[in-house]
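As structure tokens, one chain now follows by itself in the form predicted alone.
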């Protein structure tokens, strides 16, 4: 997958549980820039297995935001009901049978087992560890149930989740931004649920199956996913597929250096668009959120950014979202517009105010 001679394939995989926001837009941009610089393919995948929170309206907002910013997919989901590419479906909700198939393969090889623990039993375990000031961790009480006993209990109608066996040892991540990271599998919380008792798959499982099936060579995502990566690596290894290369981007921070969040900050791209920020300015600003040009240049087109972009100049420290800087960049781009272009872009604001 990430071997020499394999064409680069990257992806952005938004979840339609909220509006298209700054963090997703920057991740999409960095993936697209890296693909363009290296002759790769940029894929948009929709992670919509959270049925309770996913909506068609949020998906439409994400896809329209990507289109407006010029970050539309080479392959994957491009509009409601429209996909392009031959490795789909590209919506997780349409891939349920595939997840069940792969889960069964892991189970048949002894790499996953049925867990009959009830929610109440798991809560007792969690509370006991909490009182002992220990981090959450599944005890593994169902890991030694024989295949015959497990089959008997399932046939009797007992409900069971499917857990992936976390192998002991140190998991090494050779991150293209953060360097070598080592995480002991002992800290991962015990054997991982990959299918709930109702058969629905969980994120850590679906993302690995999707990346493997779609030939993703580079996983470029936010630093908040770094702690998930050892679980993903172990699943990739269990599936017997080459590991993609990982690159974890710095968090986006408020000016007070707290983590930027949808609840406390203005993060929706649609809000900035409605305020009159140009797409060129937003792209320019997002590129500088954690990446350095290596020069004093600040006002750059997407083509100029693409010509310079690499992961070597992505910083490890958090990237501060400075609205004043965004407004200054926007002003510079407005001044670059021709009169006719400026009038055309102002027209929707006039029409709404009429």
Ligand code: GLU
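Owing to the predicted nature of the structure, the values given are computational and were not obtained by experimental measurement. Numbering follows the first chain given and starts at 1.
The same protein also exists as the form predicted together with this ligand; that form is not shown, yet it is the one meant from here on.
Using a 4.5 angstroms threshold between heavy atoms, residue 25 stays clear of this ligand in the predicted bound form. Contact between residue 330 and this ligand in the predicted bound form is not found at the 4.5 Å heavy atom cutoff. When this ligand is considered in the predicted bound form, residue 225 lines it closely, a heavy atom lying within 4.5 Å. In the predicted bound form, this ligand stays beyond 4.5 Å of every heavy atom belonging to residue 10. For the options 269, 249, 207, 73, the residue carrying a heavy atom within 4.5 angstroms of this ligand in the predicted bound form is 207.
Shown without its partner, this chain lists 221, 245, 165, 273 as candidates; in the predicted bound form, only 221 has a non-hydrogen atom within 4.5 angstroms of this ligand. Partner proximity in the predicted bound form, defined as non-hydrogen atoms within 4.5 angstroms of this ligand, places exactly one of 274-282, 126-134, 199-207, 168-176 at the interface: 199-207. Interface residues of 30-50, taken as those with a heavy atom within 4.5 Å of this ligand in the predicted bound form (partner not displayed), are limited to 47.
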